[in-house]
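For reference, the chain that follows is the form predicted alone, supplied as structure tokens.
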């Protein structure tokens, strides 16, 4: 199984950087998420998770390090978390780490809402954003 790498871009739309490592199970989405086609972007990640669950079946650690995301991206993130919850419910080992800028409580509050919606435990860490 191949890793999934998506290089982040900023312009009219913002594409987050994605690193999904099939050999280590370490995954990260970082940057800003304001996409032209949110469904296609997050469905690519969900398909990778589904393939990982079927072929690799090892522990997975998913790090979210987003500094901004719009409403449609929020739905895509929720779908990613639901795919991870399904893996956990099926016996997979899943760790979710949510990093949020220490000056933006709304991103921390989103994680709390995701915990309530999915039943996943999400470890939360604040960080000082770069200028």
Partner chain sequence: MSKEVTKEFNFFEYHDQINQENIILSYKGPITAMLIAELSRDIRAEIQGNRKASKKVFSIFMELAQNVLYYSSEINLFGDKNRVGTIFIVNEDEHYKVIVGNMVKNTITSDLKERCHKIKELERSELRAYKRELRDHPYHNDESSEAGIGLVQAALTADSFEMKIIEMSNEYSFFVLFLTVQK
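Positions refer to the first chain, counted from 1. Note that the structure is predicted; figures quoted are calculated from it, not measured.
Note that the form predicted together with its partner chain isn't included here; everything after this is about it.
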query: Proximity to its partner chain in the model of the complex, single hit among 50, 89, 40, 104 (heavy atom within 4.5 Å); finding: 104
query: Interface residue in the model of the complex among 97, 93, 44, 70, criterion: non-hydrogen atom within 4.5 angstroms of its partner chain; finding: 70
query: Non-hydrogen atom contact residue 57 with its partner chain in the model of the complex at 4.5 angstroms; finding: no
query: Residue 8, heavy atom within 4.5 angstroms of its partner chain in the model of the complex; finding: no
query: Interface membership of residue 78, its partner chain in the model of the complex, 4.5 Å heavy atom rule; finding: yes
query: Contact flag, residue 117 vs its partner chain in the model of the complex, heavy atom cut 4.5 Å; finding: yes
query: Residues in 8 to 34 close to its partner chain in the model of the complex, defined by a heavy atom within 4.5 Å, in order; finding: 10, 11, 12, 13, 14, 32, 34
